[in-house]
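Heads up, the chain below is alone and in the form predicted alone; it's given as structure tokens.
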């Protein structure tokens, strides 16, 4: 990674009379900030053609980044594992993301950074001959399950679709290999559920589309240890669980264990800590999820912690 590039964003200040409503979002493309509707990548980029890319998502809440350094750590590590390098160093990436958020005017936002393999040299299939590309975008904050969904009671389905094996695609590298997750989601819709969680070949639950999963029984919290992205919100939930006296274990979690748990919850940058009320149409525990509700409160309170959050 060169670290020598200059971050140039010549059109980062917009005249709203001329440009689209930037509250819909903005993109960072080829060194410029553009309205999200104008954010495009080359059709021959292997990020599009082969899903040969990595990305990370940090959110902004009340005009503060939450755990941005953790997200940058994971993004930089993912690029290294995929033999990718870009012209921006860590500090410049952070600056680009902040400039994009400021340009959008959004106070609560979903902020994505992306590295693609890029466009190969003519007539070449050698990934080493690609120029890796960096992109970013900012859109309004989105939820895996909104507060209204959570108050109504989120319904989770344990899909028969197996998650891509970690021996094939390393799930600790955030990636766009989502076809199994999408298939599982359609399974959930067919069963009248909101969300799907996939399992591994041994019948252990692993993860869903953009979220990690937890089960609480008594004072013990368990979450899958293998075949999952090590989510930043997952990490936060584990830390907060220990703070309130719960014992956390990372291990295999058989699907049947979700059904017998006192509480089930999911975690995601897109929504934080979210209780699940039903799994496979079965009410979980007494349906009140007292521990999860407490963790959810603590999670949003943590957004004011200067150690974990930074002003845009």
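Residue numbers count along the first chain shown, from 1. All figures in this text were calculated on a predicted structure; none of them were measured in a lab.
Unshown form predicted together with a small molecule; subsequent notes refer to it.
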### Message
Only one of 69-77, 123-131, 190-198, 97-105 has heavy atoms within 4.5 Å of the small molecule in the predicted complex; I'd like to know which.
### Response
69-77
### Task
Answer yes or no: in the predicted complex, does the small molecule come within 4.5 Å of a heavy atom in every one of 207, 231 and 267?
yes
### Query
So which of 119, 181, 85, 222 reaches within 4.5 angstroms of the small molecule in the predicted complex, heavy atom to heavy atom?
181
### Task
Name the residue from 61, 48, 278, 55 that puts a heavy atom within 4.5 Å of the small molecule in the predicted complex.
55
#### Entry: Partner contact for residue 155 in the predicted complex: the small molecule, 4.5 angstroms, heavy atom
no
### Message
Would you classify residue 211 as touching the small molecule in the predicted complex, given a 4.5 Å non-hydrogen atom cut-off?
### Response
yes
